[in-house]
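A single chain, nothing else alongside it, follows as structure tokens in the form predicted alone.
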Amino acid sequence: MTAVVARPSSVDLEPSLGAQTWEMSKRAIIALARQPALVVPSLVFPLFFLALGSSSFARAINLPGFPEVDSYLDFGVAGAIMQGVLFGSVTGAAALATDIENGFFDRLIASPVARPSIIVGRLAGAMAFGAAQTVFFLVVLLPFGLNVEGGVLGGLVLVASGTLISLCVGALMSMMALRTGSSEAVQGAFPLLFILLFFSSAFFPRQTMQGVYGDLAGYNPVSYIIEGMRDIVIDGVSAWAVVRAVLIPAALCVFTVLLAMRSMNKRLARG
């Protein structure tokens, strides 16, 4: 009697959504690793600005209204992390726009790849890079006198915050990439993100600001995220610091990811 072996159906041969997302995430990470010209600026420039600020504003920590801090390095590391994450997130979204420009995005759509994995994989790659950036900044700055009062737990909260910020900004810029299909448009929007950074409390506490600049910093959500991260460095882990450093970017992530997915659906509908 001859045994009949059933062949697996085509559905069984298709990778799961998780496997497809994992592969898309690996592609996003490998693409960044193969282009150091895109990665290095997001790691070097924030450290350069922090070193310049630590040298120029070393005595500013004695000003009235400045929080009690051992050095400007401890005060400014949160702003450096935010700056680096902004750099890296825009880079990942620009790569998505490049995929659209060179036709690779259309080939993905024509393949049996699950549609959510395309955008989720790209965002997962941005999150991984944001986490790596945060760890890099902390490790590099520790020998130069950085003191994180929150200890290991505080460091983990900072990494979580950097990861969520990467997701938030990456989703926002991915929305622009999907709507415009232009890497130039994505990169051209980067100065707008830097405006949010400079009109925040990244470099000086809001208590020392006056006039319009102080008002803008007070309305800027970036200020509260940075201040939460800064409190973890200066004072240690607290519930209020975690709310600002983690929960605020998490809430913003829900909004920006929904925008990115909506833009993805609109592009698919046009195609």
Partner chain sequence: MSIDSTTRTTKSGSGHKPRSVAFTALWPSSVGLGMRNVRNIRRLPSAFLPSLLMPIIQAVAFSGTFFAVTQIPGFPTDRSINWYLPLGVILGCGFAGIGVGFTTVRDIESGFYDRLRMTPVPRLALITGPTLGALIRALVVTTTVFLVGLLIGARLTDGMLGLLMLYVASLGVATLGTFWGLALAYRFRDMRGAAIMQLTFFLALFLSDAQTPLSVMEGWLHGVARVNPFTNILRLGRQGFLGDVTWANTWGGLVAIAAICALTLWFAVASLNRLRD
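Positions refer to the first chain, counted from 1. Please read these numbers as outputs of a predicted model, since none were measured by experiment.
The following text describes the form predicted in complex with the partner chain, which does not appear among the structures shown.
With a 4.5 Å cutoff on heavy atoms, Ser238 does not count as touching the partner chain in the model of the complex; it lies far away. With a 4.5 Å cutoff on heavy atoms, Ile195 counts as touching the partner chain in the model of the complex. Shown alone here, Val246 lies farther than 4.5 Å from the partner chain in the model of the complex, counting heavy atoms only. In the model of the complex, the partner chain sits within 4.5 Å of a heavy atom of Phe199.
The stretch in contact with the partner chain in the model of the complex, judged by heavy atoms within 4.5 Å, is 50-58, chosen from 25-33, 222-230, 50-58, 238-246.
Taking the partner chain as positioned in the model of the complex, the residues of 203-220 that bring a heavy atom within 4.5 Å of it are, in sequence order, Phe203, Phe204, Thr208, Met209, Gln210, Tyr213.
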